[in-house]
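Only one chain is shown below, in structure tokens, and it's the form predicted alone.
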Amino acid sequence: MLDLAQLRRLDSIACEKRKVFLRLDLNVPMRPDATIADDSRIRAALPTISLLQQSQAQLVVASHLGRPAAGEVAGYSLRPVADRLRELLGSRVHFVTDCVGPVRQKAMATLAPGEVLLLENTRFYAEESANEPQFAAALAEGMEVYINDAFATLHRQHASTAGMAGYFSHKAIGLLVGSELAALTPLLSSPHKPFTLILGGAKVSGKIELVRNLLSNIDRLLIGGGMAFTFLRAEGKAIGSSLVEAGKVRESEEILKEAARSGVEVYLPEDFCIRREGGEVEMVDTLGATDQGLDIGPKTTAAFVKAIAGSATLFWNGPLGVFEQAAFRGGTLAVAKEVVASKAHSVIGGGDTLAAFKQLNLLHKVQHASTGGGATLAFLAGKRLPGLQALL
């Protein structure tokens, strides 16, 4: 596991009047009309930007936006992000339609201390995802300090998140990455007990290693969402036509056995919310051959709520039903209300999980809402994070 003590932090590095390359996660959701649907990720970056502005650093900021195909530009430009950043900071934010080359160099030459230059979407370059050394060197050209505050990208070995850090002797994590590590590390080392892990979402894939790594630390494992049916299949239960990952049934069975050996209480759905052919929604205890479980039922919800109420630490990733449809978000919303009502130290992660708390206006009542998705899961699974390794 990474020794976090080896990481330098922003407040331990001299940035005064220096040229600072700041990698952020400004990958905000965009509407079809190219306006920003949610600026939370921009706001999360403001403390680090403001601190560097106070030190009169010349800031060159980079980020990706979405996953544009080769040569695809429309709808993926960071120009709207630059406009919103300018509004939030109340200071000058310049924008260039390039990441490397003479256009960027010219803009940097006129950049005043405390000003921000936002580069265009790094993923407009195939060299970014390929971590191409020449592209990484071009990104680093003319810069003196490298700061990575893009927690959600730390599991990516890309040029701007990992490759270019090797060209700097002065490099550190930003405030957001620091706060994420401070919130997540205790879940791996010293969680207050009982520790309850709540998992949902469509797939078991990507969460098996997380469960294995945390199993010795947790006391209760609550599983809902589509991934629950792979575990129910492993138990030999009827799952109707519900989503199942056939290739993960054996691993799910092994986890259930390991949990039993470790004394971990496992909660799986015991009733379900389904939609009949006529469109009506119904609660059932047993799934028929053509039934598809789309949410946890009231018995399961009550059991989950009781388990949460007696917890001291909670981590939750993934909705417990098809949250996009109003008829099947009841379980997720009920559990969310209990999480904030409990006295437990609560940490949540994943876009849909955060969306549930936002809908209820409860996000501010959670102790920590992780900005990562895959990065959070990878960190808690004990995986190597290239973006952090590059900063050692």
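All residue numbers refer to positions in the sequence shown, first residue = 1. So that the term is clear: the rigid core is the largest set of C-alpha atoms that superpose within 1.5 Å between two forms. Worth saying up front: this structure is predicted, and the values here are computed from it rather than measured.
The discussion below concerns the form predicted in complex with a small molecule, not included here.
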query	finding
Interface membership of G350, the small molecule in the predicted complex, 4.5 Å heavy atom rule	yes
Partner proximity in the predicted complex: T122 to the small molecule, non-hydrogen atom cutoff 4.5 Å	no
Distance check, K207 to the small molecule in the predicted complex, heavy atom within 4.5 Å	yes
Heavy atom of F323 within 4.5 Å of the small molecule in the predicted complex	yes
Segment that reaches the small molecule in the predicted complex - one of 91-99, 286-294, 167-175, 185-193, heavy atoms within 4.5 Å	286-294
Contact residue in the predicted complex, chosen from F315, Y146, F304, F229 - any heavy atom within 4.5 Å of the small molecule	F229
Contact residue in the predicted complex, chosen from A107, V264, L243, L256 - any heavy atom within 4.5 Å of the small molecule	L243
Cα displacement of Q359 between this form and the one not shown reaching 2 Å, rigid core superposed	yes
